[in-house]
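Only one chain comes next, encoded as structure tokens, the form predicted alone.
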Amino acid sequence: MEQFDIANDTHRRYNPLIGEWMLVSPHRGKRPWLGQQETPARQQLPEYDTNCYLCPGNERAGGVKNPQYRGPFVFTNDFSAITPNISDGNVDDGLFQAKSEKGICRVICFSPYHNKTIPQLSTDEVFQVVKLWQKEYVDLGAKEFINHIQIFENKGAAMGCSNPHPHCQIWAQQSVPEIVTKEDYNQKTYYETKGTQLLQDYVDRELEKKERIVFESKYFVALVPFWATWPFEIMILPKHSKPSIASLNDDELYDFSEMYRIVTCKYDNLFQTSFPYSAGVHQAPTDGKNHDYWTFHMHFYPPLFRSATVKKFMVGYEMLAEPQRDITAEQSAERLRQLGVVHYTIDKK
């Protein structure tokens, strides 16, 4: 029998962050980007849309009017999934269990421009967004009933985004959600066993190997994780462990902002389209406990696979068994690494 070849043979990879396995089948997609690549017509959005409820000066649901904002604008979601003013209660009847959940949902418009996504903003503009993330994490986390802050962005209709005006959301809630609970448990267990942070050790190894690095800056690294599920999945991680966005100084925060812009720019450049994704920050809970074992990081989960119109779906085997991918993390990283950091819509003459 021939020796196992991780680049070509079917195998499973372990994700130590959530303690789960996933299947890799490299032989099914050795050349995932050499087929036909359709480029859809570019959507031409105006800088300002009179019908957009997120644009400056426009009316939102319930008659609330937006100010004439000139930078990032934050407000409490008019259709919050979690609200603060509900009664405490629970159901405990054997297999039927439920409990009340309090929280606060916020929306942040990245800028007044209806047609500019993160890769089309300047780093200074992105920094203002991320600086607001930091403030919201601190302010919301200081509330006694808030134990977790989830910052996330859904970009594009493919990810269920209901309004094209570039924005993100913050859900602050009473409980620590399931995926973050897994990350918390595995980071804590690793720290108690090894005496070092799991993701710090992981970043150090990735920087040694250089196989999955997409981009590296002074304080951060963008990489395709060894256990990546989505075809062009990326994580942004600090080179030196930080438990939350609150622990970043302005230099580090600016560097993170530049990395955020570069990653999303590379995504758009990959198929020359406004690349859809779900992205979000995972960081230490705000429950008042010691979380020295935590490492702040950002996940990007984009669905596009072969072109601007061909997507990966989590169906069949993946819904019933475990995640699976047809190209290796190393192949994806190489493809992304070669892309420029100037947006494809900018005239390079």
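Residue numbers here begin at 1 and follow the sequence given. Just so it is clear, the structure is predicted and the values come from calculations on it, not from any experiment.
Keep in mind that the form predicted together with a small molecule is missing from the display, and what follows is about it.
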{"query": "Triplet R60, N77 and S162 all within 4.5 Å of the small molecule in the model of the complex via a heavy atom", "finding": "yes"}
{"query": "Heavy atom contact within 4.5 Å of the small molecule in the model of the complex, the stretch among 210 to 218, 225 to 233, 240 to 248, 165 to 173", "finding": "165 to 173"}
{"query": "V138: touches the small molecule in the model of the complex, heavy atom cutoff 4.5 angstroms", "finding": "no"}
{"query": "Contact label in the model of the complex: Y53 to the small molecule, heavy atom within 4.5 Å", "finding": "yes"}
{"query": "Residue contact check: V107 to the small molecule in the model of the complex, 4.5 Å heavy atom", "finding": "yes"}
